[in-house]
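One chain comes next, on its own, written as structure tokens: the form predicted alone.
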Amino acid sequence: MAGNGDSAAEFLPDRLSLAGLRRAAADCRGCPLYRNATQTVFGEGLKRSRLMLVGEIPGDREDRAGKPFVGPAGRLLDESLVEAGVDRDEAYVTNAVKHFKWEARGWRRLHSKPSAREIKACRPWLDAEIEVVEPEVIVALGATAAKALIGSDFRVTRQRGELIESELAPHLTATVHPSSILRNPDADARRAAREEFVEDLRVVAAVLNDGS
């Protein structure tokens, strides 16, 4: 199907299911990012996951593997979830944008931040995932995901870990993206940032445990 390059909406299947969405997303041409990406990186997890984690955009490892959060940031996320008391297998993980956006730096493909237009074009996939999964808690990982889900006025640095009422889910919150922790060159600062990240996830664990 040929897309107009403005939105993924026309690529959504008539009947929504995770399997159907994943198949349809593989052929998405809703924005130009598909041209330089290896493949669509769709979300993964259980249909009725109580927790949905939403990142920004796939990285190089994710683009090659076709799975979200499989690189170093994904490992840090997995470890932090366990430390916070959240079962990673019970979480649905995805990204606001499903194709890897990058720029060449020698032989390396470096992550490039998606534009507001690209995030908007890809939003129908995320909305469909939320509709199918119906999570109890949604966690936006990083400023891009937070702005996409909560709004441009939200500031992760000031409001991280706050629970917000939303039409998207009973509980919505945001924290930093795990990749931002890894980018910190100072070991002590990385350790402190990780501890703060785990504390944010403990807020989520408390909500999930309270509703179990």
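Heads up: residue numbers just count along the shown sequence, starting at 1. Here the structure is a predicted model, which is why all the values come from computation and not from measurement.
Omitted from view is the form predicted in complex with a small molecule, to which the following refers.
Could you tell me which one of A73, V139, A128, V86 places a heavy atom within 4.5 Å of the small molecule in the predicted complex? Only one option qualifies, and that one is A73.
Residue stretch of 167-175, 150-158, 65-73, 43-51 approaching the small molecule in the predicted complex, non-hydrogen atom distance within 4.5 Å: Of the stretches listed, the one contacting the partner is 65-73.
Look up in the predicted complex whether I57 has a non-hydrogen atom within 4.5 angstroms of the small molecule, and give yes or no. Yes, I57 is a contact residue.
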